[in-house]
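A single chain comes next, written as structure tokens; it is the form predicted alone.
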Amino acid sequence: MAETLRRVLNLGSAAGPGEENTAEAEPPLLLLGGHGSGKTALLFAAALEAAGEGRGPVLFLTRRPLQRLPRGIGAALEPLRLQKIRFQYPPSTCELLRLLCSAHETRGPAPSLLLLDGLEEYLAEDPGSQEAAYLAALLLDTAAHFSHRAGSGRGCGLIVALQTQEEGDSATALQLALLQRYFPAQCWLQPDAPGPGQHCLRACLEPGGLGARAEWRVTFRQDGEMTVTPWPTQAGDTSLHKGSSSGGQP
């Protein structure tokens, strides 16, 4: 689902030549960042982007309702798009697993995009590697089931948001390395020098082999408005070009 997120960060502009991929062909994406890094805002923007594509509804899973709708998304906040986003609030890992396992029993149009916010909260209940692998596999299986229901060329994408922890936590690093095997595409959000009354982030998109790597500066004002601009590329800037195979930040 790298192209969906790329369109969000490109403010809804169309993909370039050779960048258009069906959701069925795109690998699942892991959205990574610290507390308050804007993961939920970007996840909701991705939901609105997918809802405007004229395909199936969007399934948005999170423990609790959004406190407010992100600003700065412009015409994307039109009622018809909002109506296509189906929010569900599994309060525990057990309820989340039950919901995913019952996906084959649901009726109606298959979702075109499956979103999960706050994966770390569910994993915290049972932080073992086996449990993380089972939940990741079940998320992929659910998205594959929706893709099968939707038919050829109309697959269901998958984006999962995970809060990263401080460096030095070996258990968390191992868990992240495991999840990266299931989610080859990743988008990292890292703090950038803020301006007056602003919260700034550097977004780095690794599409998992499909399309080119890209970076943006994401800025949130105090009123919640989000603006996105291309990251100014500088020669010799390698701060986000480290390998991620070890589970560390890029």
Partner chain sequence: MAVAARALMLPAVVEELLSEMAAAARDGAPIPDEHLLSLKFVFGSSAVQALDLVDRQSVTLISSPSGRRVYQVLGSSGRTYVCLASCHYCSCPAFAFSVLRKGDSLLCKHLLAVYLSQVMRTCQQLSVSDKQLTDVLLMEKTQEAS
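Residue numbers count along the first chain shown, from 1. Small disclaimer: the values here were computed from a predicted structure and weren't measured.
The form predicted in complex with the partner chain exists for this protein as well; it is not shown, and the discussion that follows is about that form.
State yes or no: in the predicted complex, is some non-hydrogen atom of Y134 no more than 4.5 angstroms from a non-hydrogen atom of the partner chain?
Yes, Y134 lies within 4.5 Å of the partner chain in the predicted complex.
Would you please decide whether C101 lies within 4.5 angstroms of the partner chain in the predicted complex, comparing each non-hydrogen atom pair?
Yes, C101 lies within 4.5 Å of the partner chain in the predicted complex.
In the predicted complex, P57 touching the partner chain (heavy atom, 4.5 Å)
Contact check for P57: no, nothing within 4.5 Å of the partner chain in the predicted complex.
Heavy atoms within 4.5 Å of the partner chain in the predicted complex: does Q83 have any?
Flag for Q83 set to no.
Can you work out which of A173, L123, A144, A150 has a heavy atom no more than 4.5 Å from the partner chain in the predicted complex?
By the 4.5 Å heavy-atom cutoff, the listed residue in contact is A144.
Answer with one of R181, H35, R213, R63: the residue that has a non-hydrogen atom within 4.5 Å of the partner chain in the predicted complex.
Exactly one listed residue reaches within 4.5 Å, namely R181.
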